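Presented below, as C-alpha cells, is a lone chain in the form predicted on its own.
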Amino acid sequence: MGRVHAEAARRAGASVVAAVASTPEGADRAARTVGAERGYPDLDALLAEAGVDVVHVCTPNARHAEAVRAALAAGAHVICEKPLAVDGVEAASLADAAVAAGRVATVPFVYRFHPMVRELRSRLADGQAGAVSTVSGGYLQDWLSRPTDDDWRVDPVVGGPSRAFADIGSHWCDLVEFVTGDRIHRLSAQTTTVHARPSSRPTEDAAVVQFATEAGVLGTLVVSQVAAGRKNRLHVEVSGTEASYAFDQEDPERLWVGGRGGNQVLVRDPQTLSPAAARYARLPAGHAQGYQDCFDAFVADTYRAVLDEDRPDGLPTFADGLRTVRITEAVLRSAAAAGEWTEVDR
C-alpha cells in the first residue's frame, strides 16, 4: 500500500520526501521501494527532520494510533489506512485529536472515487430509484483461501480483533452508506474461521450480515477472504421501485440500471455522466480507469483540502473511519451472541 500511496502523492504534485521503517536497513529499503528521498529508522526522527506536510500512515493496524498522534502533534496532516484503529474508543480519540489539531485527516475509502459510484450516488439522491427497499452485495477475496496462506493481518495482536470485516467489509459498508445517504442502524452477523491458524484468538475468514438502515431499508452482505477465484470483488445492488442499480468494482467502467420497461448498462463517459461523476472521469470514454485512478483522486482531494483550496464533496474523513470501526464492533458483538440483532453505536 505504501507504493500505491506514494504513486498517488506524486501524481497529485507532491514530493515523497521520506519513508520510515523499524531499522536503518529497512528504512533504506522502504525509501527505495516507494521512491522517497530518504529513509528514517523511526517516525520521531522523520517528523523532526523531514519537514513533511502530510504523513501517510500505512503501518499494521495496531500501530495506527501512535503514528497518527505523533503526526498530528508535529503539525502534519494525516492520511491513515483503514481500519482507523482497532477499537471504537481509540478511533474516537483519533477523530477528536484531528479536530482539535485543526488538521486534515482522511481515510482511503477510495471506492467512493469511481465515477460510476458517483453516478449511482447522484441518481439515488435525485430519487430516480423511487422507494429503495433492499441493498445487497459483498466483498470477496481469495488470498487467504489456503491453510498455508499467512499475513500479519491474521494475528489479532497486530491486526486487531476483526480481520476480514475490518479489512474489506468496512469498505463495503462505507460505500453503501455513501451512495445511499442512509446509515446502517442495526444488524445480525455470523462469522466463521475456516482455517485454524496459530492464535489464541483467531480472527474471522468470512462474515454474513443482515442489517436494517435508519430509513428502514433491509440489506445483506457477504464478506470473505477465502473465496477461491475472487480477487477484489466488491459489488453492491440497490433495489428500488422505479429503478435498481448494480456496481461491481472489478468492472468499474459500467453501472447496471434495471427498470420495469427494460434494463441498460451505462458506461463511463464524461459527456453523459452527471457533473458529480464527470469530475472524476479523468480519461476519455473507452480508456479504462481503475483502482489507482481512484486512489489518485482521493489523495488529490485530500491535498486540495490541505491547501485550503476547498473541501471536496465526499472526502472520507476520520469521522468516516470511526463509523466503520463502530460497525465492525457491532458485527463482532452480534456474532459473539449467536447472531443477536445489535445496534450500531453512533
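In this text, all values refer to a predicted model and were calculated from it rather than measured experimentally. All residue numbers are counted from 1 along the displayed sequence. The term rigid core refers to the most C-alpha atoms you can superpose between the two forms while keeping them within 1.5 Å.
Another form exists, predicted in complex with a small molecule; not displayed. Remarks below refer to it.
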Worksheet item: in the predicted complex, do R63, W152 and H171 all reach within 4.5 Å of the small molecule through at least one heavy atom apiece?
Response: yes
Worksheet entry | 4.5 angstroms heavy atom contact with the small molecule in the predicted complex for Y303 | no
Discussion item. Just checking whether C58 would be counted as a contact of the small molecule in the predicted complex - the rule being heavy atoms within 4.5 angstroms.
Written reply: yes
Worksheet item: Does V110 make contact with the small molecule in the predicted complex, using a 4.5 Å heavy atom cut-off?
Response: yes
Discussion item. Using a 4.5 angstroms cut-off on non-hydrogen atoms, would G160 count as touching the small molecule in the predicted complex?
Written reply: no
Practice prompt. Name the residue from E253, E81, D182, D142 that puts a heavy atom within 4.5 Å of the small molecule in the predicted complex.
Written response: E81
Response to the item:
Heavy atom within 4.5 Å of the small molecule in the predicted complex, from candidates A21, V16, L332, A12, belongs to A21
Practice prompt. Please name which of the stretches 126-134, 207-215, 163-171, 238-246 has residues with heavy atoms lying within 4.5 Å of the small molecule in the predicted complex.
Written response: 163-171
Worksheet item: Has the Cα of S15 moved 2 Å or more between the shown form and the other one, judged after a core fit?
Response: no
